[in-house]
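Below you'll find only one chain, the form predicted alone, shown as structure tokens.
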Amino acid sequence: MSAEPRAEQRPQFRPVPKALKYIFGLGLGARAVLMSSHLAGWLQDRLELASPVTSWTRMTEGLSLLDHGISPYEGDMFHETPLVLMLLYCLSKIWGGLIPIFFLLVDLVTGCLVHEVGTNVCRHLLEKQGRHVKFYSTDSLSLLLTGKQLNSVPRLMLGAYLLNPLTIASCAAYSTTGLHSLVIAGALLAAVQGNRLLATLATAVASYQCVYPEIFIIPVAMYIAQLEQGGRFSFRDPDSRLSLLQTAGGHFAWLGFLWALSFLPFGSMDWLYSTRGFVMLAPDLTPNMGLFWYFFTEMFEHFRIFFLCVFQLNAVFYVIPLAVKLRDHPMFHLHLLVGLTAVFKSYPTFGDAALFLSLLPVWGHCFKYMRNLFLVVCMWLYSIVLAPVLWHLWIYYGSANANFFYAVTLAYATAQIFLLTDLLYAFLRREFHLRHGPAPKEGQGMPILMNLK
């Protein structure tokens, strides 16, 4: 009896939803219009969008020096990494028009990665909920996530990145912050997919470009160990510790490889001081959206080293307490660290915070527990609107001073800190309600009153 021939199976491609087409089209169009307008030059000089590390003006200086056979790292103007410098140098030599196309593609690819991060994190949340639902209170069924609830999250994340005015302006300013966001989004995606090789490569590239993402390897390693142990993780478990060491070893191996590649163009490691050393020592006190410049301008020189260590430790100090408290939620831990580094780095821009904002929709189920959301939104708007106004009044009209502009940077940092702490509170409160019910009671039937001291 002869078997009937099988019909040839052809790969089926799902059509791209219209909503995604509109988001991509609007995002690409807004960036292209700004890049081709006279505002592009003005945006490139805006300190809210470009830092001494990511500024396109400084990048053109480095490209010019390299074109004349001079190492850009011999002076104190250029602080981007050698591999990024060589990449943009090659593109500019092929055709100058490739530069804007390159920055457009970087943002579009980052948007795609953010969308995939949302899809995978939503799947992870549903799978984790399925494993732990037996430990939840019977009164908390209304708090459980459903696929319908999370269906729109990836689109919201994509829109929050591609249609965010901060990322649009950063792209039009040719800020290399977009490259930083690209590799961080790649690290998030590789981590949530459990791909150790790509996750360690992406975290290494992120750390190579800016020293602060070194701390990302801790939640990434914890998440991969959790996946390998079937959802269980313990610092005391030998298998978990071995997995942590393997991930950390892969990260530092990739980082060493990138350093070796960076040695080849100039035959020296001078670039380390001009990049990582510059970020850690913060010698350039040009006004920016960070907390360092005003404080160290007023600082007595003999106190500088002590307070520099204090300020830099702020960016890394919280990783261990969060790793202990959120050991069962490493992906949420990783998202918090993205926001923390955007606040406490020595030379931040609006583009750094924009990536963290685009990740917020995936935790939308916690928003109802947040207490300061309206205040945070108002402070953000205040900072974005008044930063260029007060800068103009200070520098051009002389009717304001540095205190006015630093007040805006303080409000900007405070808004981010309020958002981070509020999100952490909302996440932990929801976890508490899942296990004890929305209205937990004492043994005598009296409702529990939560006092936060």
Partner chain sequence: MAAHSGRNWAGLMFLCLLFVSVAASSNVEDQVGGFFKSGHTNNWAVLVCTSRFWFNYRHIANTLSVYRSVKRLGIPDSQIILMLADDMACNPRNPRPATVFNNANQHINVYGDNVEVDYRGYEVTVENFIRVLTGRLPPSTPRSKRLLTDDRSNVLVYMTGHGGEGFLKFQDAEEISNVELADAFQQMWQKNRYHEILFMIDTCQAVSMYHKFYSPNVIGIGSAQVGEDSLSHHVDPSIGVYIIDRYTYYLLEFLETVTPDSKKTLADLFRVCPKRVCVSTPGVRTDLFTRDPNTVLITDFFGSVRNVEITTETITLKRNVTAQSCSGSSCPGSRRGKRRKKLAYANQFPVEAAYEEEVTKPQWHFPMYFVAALSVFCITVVSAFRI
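Positions refer to the first chain, counted from 1. Keep in mind it's a predicted model, so treat the numbers as computed, not measured.
Absent from the display: the form predicted together with its partner chain. The rest refers to it.
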Its partner chain: the contacting residue among 194, 265, 100, 287 in the predicted complex [heavy atom, 4.5 Å]: 265
133, 245, 90, 324 - the one with a heavy atom within 4.5 Å of its partner chain in the predicted complex: 90
Contact segment among 155 to 163, 310 to 318, 79 to 87, 359 to 367, judged by heavy atoms lying within 4.5 Å of its partner chain in the predicted complex: 79 to 87
Residue 254: touches its partner chain in the predicted complex, heavy atom cutoff 4.5 angstroms: yes
Partner contact for residue 281 in the predicted complex: its partner chain, 4.5 angstroms, heavy atom: no
Partner contact for residue 201 in the predicted complex: its partner chain, 4.5 angstroms, heavy atom: yes
Residue 45 within 4.5 Å of its partner chain in the predicted complex, heavy atoms: no
Partner contacts for 39 to 78, taking its partner chain in the predicted complex and a 4.5 Å heavy atom cut-off: 66, 67, 68, 69
